[in-house]
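What follows is one chain in structure tokens, specifically the form predicted on its own.
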């Protein structure tokens, strides 16, 4: 392609001159390379390709259709280049997922004598965001400050987004705080909310949303902000605040927004309110694959396998094609309901039926499914067949190791444990499970050796904790520590003693007192059998809830790890004794306790 046309420029009064605005208009509307190239040829023929404005329009058109080689050839052949030329090509590189080329162009621009403008710095910040490179982003920030562009609303918002994606949330907040109040628009507020949400800082996102509502200068939350804060409530299991945000959604007229609806389905399900999730879903007129997947995963976490299969069949009948997450949700439901053959059939047929190739998560779910059912040899063979690596392999073999421990198969546990240890990644969970597998088999010396090895290597597992929300305030409990109960601490212990007495009348033989001996079922905690660890965290949270949550209201407890079998039995007994309902969300699923039984039917 000729990059330096030699044709003379047509005079303003010539008939050809009338073609120029038409051709420029065609360029602006062109979306494919063939159209752009054809219009380029007409501009050359008419003698309009050389002027800077025409070249910039051509450059933008080539970048818009992703033809970066053509764009670069044109750029290199331009006699004159202004800030628009440089910034347009930079933007094209950034949009084409070539951020390093964009940053190289920024450096070359500095040497050319052309001064960057606000759009240039915004584009450069976006390129740094793609690279998640805070160091390079700070250099762009410094240049923007020197050029006097850092306070521009577009530049500041781009810098904010860049810092957030690079993990520099404090830097992002500093940029946000430095913006003049009138410059903070819906985009900048939304970017700061997303920064907190993306970095799992849900409480900060919720506080910022409250600040927006009270000191936002009249900025109304849009659907993006509302979906973000709903997702933050989901991650923190903040049901009370989530309901308030849902109210704001309805008042602002976003009740039928699909993005927000999906976030609400997820929020209610993660807060232990599946019924509300289903109500939100049922109001959606034409559910998409994302919406269907959200409610299927929610139902799976609650062990409602009939609902899962019904929803899945409905989805397929409606012509909505399931994705890999949808199928994983169905397999999860099969795993936690003992529908092993159904789940395995789905694994083997998902490629041919739905065009979805099984990924490591599907194999891990299938191994977990077989392990829960006690079909450990099959699980072991499938784990070897999966041929996964890295963190995926760690998750898969940890799942099998847990099943081997549950079913007291020390032979297979040893082999699975070796696979975990060879992974050279985060092996703390596997070591704890291996220790408890030895305990279950009566090999206390081997268990002690594993624990000793962990101490020598400085390996520590995150402690198990549970939390409960009361009047929008979360109370977090750790095993044996009741300080979070504050003034209620003594009453919590008295209540536990009273409940223990009543439970013994029903055959319970454990301990709920302040010096209960661990039975080593709670492999999440850091100590093994025979060590005085106190009451497990979910029991403390439950006792606190019984004291402060009004009668008639469901008590919802969240736990960061798997609920142990002894605590599961305690929750069942207490729900029958005091005739109240409890919902517990652990690492794997939800348990709904009512009148002495659990929704999981003791299969989890």
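In this text, the rigid core denotes the largest set of C-alpha atoms whose superposition between the two forms falls within 1.5 Å. Positions refer to the first chain, counted from 1. Keep in mind the model is a prediction, meaning the values are calculated, not measured.
Unshown form predicted in complex with the DNA; subsequent notes refer to it.
Participant: Looking at the DNA in the predicted bound form, do all three of 152, 228 and 231 come within 4.5 Å of it through at least one heavy atom?
Facilitator: Yes, all three are in contact.
Participant: Please run the contact check for residue 74 against the DNA in the predicted bound form: heavy atoms, 4.5 angstroms, yes or no?
Facilitator: Contact with the DNA, no.
Participant: How about residue 368 - does it come within 4.5 Å of the DNA in the predicted bound form, if we only consider non-hydrogen atoms?
Facilitator: No - in the predicted bound form, heavy atoms of residue 368 and the DNA never come within 4.5 Å of each other.
Participant: Under a 4.5 Å heavy atom criterion, is residue 57 part of the interface with the DNA in the predicted bound form?
Facilitator: Taking the distances in the predicted bound form, the answer for residue 57 is yes, it comes within 4.5 Å of the DNA.
Participant: Indicate whether the DNA has at least one heavy atom within 4.5 Å of a heavy atom of residue 41 in the predicted bound form.
Facilitator: Residue 41: no contact with the DNA in the predicted bound form.
Participant: Of the residues 396, 144, 271, 262, which one places a heavy atom within 4.5 Å of the DNA in the predicted bound form?
Facilitator: Contact check passes for 262.
Participant: Find the only residue in 82, 204, 133, 171 having a heavy atom within 4.5 Å of the DNA in the predicted bound form.
Facilitator: Checked against the cut-off, the match is 82.
Participant: Can you say which of 494-502, 405-413, 161-169, 311-319 gets within 4.5 Å of the DNA in the predicted bound form, counting heavy atoms only?
Facilitator: Answer to the contact question: 161-169.
Participant: Just give me the residues of 75-100, first to last, that have a heavy atom within 4.5 Å of the DNA in the predicted bound form.
Facilitator: Stretch hits, in order: 82, 84, 87, 88, 91.
Participant: Taking the rigid core as reference, does residue 57 move its C-alpha 2 Å or further between the shown form and the other one?
Facilitator: Comparing the forms between the shown form and the other one, which are aligned on their rigid core, residue 57 does shift its C-alpha by 2 Å or more.
Participant: Once everything's superposed on the core, is residue 115 shifted 2 Å or more at the Cα between the shown form and the other one?
Facilitator: Yes; residue 115 is a residue whose C-alpha shifts (by 2 Å or more) between the shown form and the other one when the cores are overlaid.
Participant: Relative to the superposed rigid core, does residue 362 relocate between the shown form and the other one - that is, does its Cα move 2 Å or more?
Facilitator: No, the C-alpha position differs by under 2 Å between the shown form and the other one.
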